[in-house]
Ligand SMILES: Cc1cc2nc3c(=O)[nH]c(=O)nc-3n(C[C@H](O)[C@H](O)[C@H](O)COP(=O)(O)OP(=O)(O)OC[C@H]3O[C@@H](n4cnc5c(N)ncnc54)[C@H](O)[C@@H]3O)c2cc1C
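Below you'll find only one chain, the form predicted on its own, shown as structure tokens.
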């Protein structure tokens, strides 16, 4: 298949970009621009590339454009479909190992919750793009596909969805961008972003173009808020799970995502709070009990890691891409960061390099 990402000329002098923020968007932008011949400098308050402050580290990495229609619109779904194509190409170009799969995902529901699940399935079918509707699975078909799942009486397959290992990808994007000549300014907070200028404590830095991808750190210049999310990593040797699973529950959005090394990621609460403290007892009981109700063999799994972080959200919970001469802001990815980041980066860069094709989200 032909590459979806066009490389710039090796060694060609290009414009100089300043990027505020080294989370998922900042790393992906840096890698992308450097590959197109730009000189790139990235500023971030984190102590280094392994510091896990950005929301991108915490996510489970479900690439589910169709399932996310529950809480997004068809624009987000279209960005997700495009990003699935882009991720495949990006991962192939990154250094090291990044687990990326397109094995589909499952929606499951217990018998008592069929009414609520049916309403969601009807909503997804009404919004479906590319004719990608949830396909109902009979109990025997579910057992054949995922023998570890016991308890849910109803299941639907979204066969075009995927997943990515977020920790591996964050590390690989930083390393890949460094190999392409990106300069990193760790421990450096950007106080203000203006067209062609990043203002830090040590003064003003000028660039041909600047990008503001600071997430919650973009306040007060953007009306962004943090929404708390919590996840668990379970070590579950011998528990076979081949694809992400979402439990359609009346009160909780619970998912299970398999990772290499016999790991299963369970999340994710969605709490209107900017509290960054450790995972709560309420979330622990609710999320892990729900996960156990789907895969009973998880009873003997070991909790090896738990984490809480803040997803950046705009007032409408939809992504925002704003661009004017010398300045592009991307924010509000909410729970869709890994799902839509590549398509937003592609769109933003195309809008700068080919202004006549610029397409903005508001």
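Since the structure is predicted, the reported quantities are computational estimates derived from the model, not experimental observations. Positions refer to the first chain, counted from 1.
Another form exists, predicted in complex with the ligand; not displayed. Remarks below refer to it.
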| query | finding |
| --- | --- |
| One residue of 55, 40, 294, 301 in contact with the ligand, assessed in the predicted complex (non-hydrogen atom, 4.5 angstroms) | 55 |
| 317, 309, 306, 323 - the one with a heavy atom within 4.5 Å of the ligand in the predicted complex | 309 |
| Partner proximity in the predicted complex: residue 345 to the ligand, non-hydrogen atom cutoff 4.5 Å | no |
| Residue 217: touches the ligand in the predicted complex, heavy atom cutoff 4.5 angstroms | yes |
| Proximity of residue 333 to the ligand in the predicted complex, heavy atoms at 4.5 Å | yes |
| Non-hydrogen atom contact residue 59 with the ligand in the predicted complex at 4.5 angstroms | yes |
| Partner-facing stretch of 186-194, 137-145, 69-77, 114-122, counted where any non-hydrogen atom is within 4.5 angstroms of the ligand in the predicted complex | 186-194 |
| Members of 238-258 lying within 4.5 angstroms of the ligand, judged by heavy atom, in the predicted complex | 255 |
